[in-house]
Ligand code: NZQ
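First, one chain by itself in structure tokens, the form predicted alone.
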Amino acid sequence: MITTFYLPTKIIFGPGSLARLGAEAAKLGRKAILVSGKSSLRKTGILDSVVNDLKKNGVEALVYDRIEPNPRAATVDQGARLAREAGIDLVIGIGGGSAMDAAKGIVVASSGTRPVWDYIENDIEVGGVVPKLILVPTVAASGSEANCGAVITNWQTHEKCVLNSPHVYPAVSIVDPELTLTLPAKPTAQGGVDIFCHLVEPYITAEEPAPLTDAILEATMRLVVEYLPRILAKPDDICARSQLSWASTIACSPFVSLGGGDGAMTLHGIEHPLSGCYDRAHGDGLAALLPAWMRYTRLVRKERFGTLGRNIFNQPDGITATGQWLQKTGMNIRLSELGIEPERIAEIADNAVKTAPWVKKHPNILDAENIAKIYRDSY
């Protein structure tokens, strides 16, 4: 097997590293669009502080703080239109995964005149002048700061799909764990589940597990399992916040493919239609589906779940141990609690097969019928 590692992103990590943003931005552009969510960043003064830092370094910034959770294609297109009209040469995404993914979509769509969904649905090549990208996560969760993917939702069709392009690798990502200190318990826990799933899915589904890949995945899973409960008990623990931020950055990056034993994130594939249809938090959907996804997969990966239990939780059974960890972190959720309508399960399963073709790589057959069974088992 030939493995290619490619990560053209400069990652600046550590408490207080946000102070480096203005200087780094000045190396890449002079007119920036600052993309963020409808969040507390403006209330806390972070957005104003960033704009002032950029200005001091000679970078003019247009603030676009309209990104919703599960960022919508129409919102991305509006941001891209503003970027084109303003002659933007730099996109800065600051926030959770939604803000960072929307920033990536704006990078692609602002390079031409097509809507972002055209690039997703028709796999169109990106042309024109592509602005540079800087990402600043304020939540330990998606890991978008270290990869070339973005998840965008078409609210008209309720399809949640992945945009992949080498053009959306950030030039620079600044990971400052201090930005996560004021994050409430619920989104912190949701982010921790997302990180864990980024790791456990390829770990379980790998056709040929490899020692190096396993070592990277296991070490990072242990960080999440240990430090998320510590943060929930003591939210201002900067050491624990830093370790979770490291785990987030690594978990969805090319690092987890080193060694050649990588698998597929099939749980993510069957969750996306839930948050795409119901606009629920991605971490909640993953938490609700994870135990049932594990039970279904155990039919062909029993030994692997034993290894998960021993190496991550120091317990004999990885499924039982994962359930206990979800309980401990307050993330033992059922789909019924998220308002998922049972009569729509078959429709949502069809949506998953259409929007996440990689579910075919699951070691047990994941067709619409079996996906629907997992949904019902999670209800």
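Just count from 1 along the sequence shown to find any residue number. Because the structure is a prediction, the values reported are computed rather than measured.
Keep in mind the form predicted together with ligand NZQ is missing from the figure; the text below concerns it.
- Only one of 150, 175, 287, 200 lies close to ligand NZQ in the predicted bound form, with a heavy atom inside 4.5 Å, and it is 150.
- Contact with ligand NZQ in the predicted bound form, defined as a heavy atom within 4.5 Å, holds for exactly one of 245, 98, 266, 110, namely 98.
- At a distance of at most 4.5 angstroms from ligand NZQ in the predicted bound form, all three residues 70, 144 and 282 contribute at least one non-hydrogen atom.
- Shown alone here, residue 324 lies farther than 4.5 Å from ligand NZQ in the predicted bound form, counting heavy atoms only.
- Contact check for residue 211: no non-hydrogen atom falls within 4.5 Å of ligand NZQ in the predicted bound form.
- Looking at residue 249, you'd find every heavy atom of it more than 4.5 angstroms from ligand NZQ in the predicted bound form.
- Contact check for residue 184: a heavy atom falls within 4.5 Å of ligand NZQ in the predicted bound form.
- With the partner left out here, ligand NZQ still marks one of 74 to 82, 90 to 98, 211 to 219, 291 to 299 in the predicted bound form; by a 4.5 Å heavy atom cut-off that stretch is 90 to 98.
- Counting a residue when any of its non-hydrogen atoms is within 4.5 Å of ligand NZQ in the predicted bound form, the hits in 3 to 41 run 37, 38, 39, 40.
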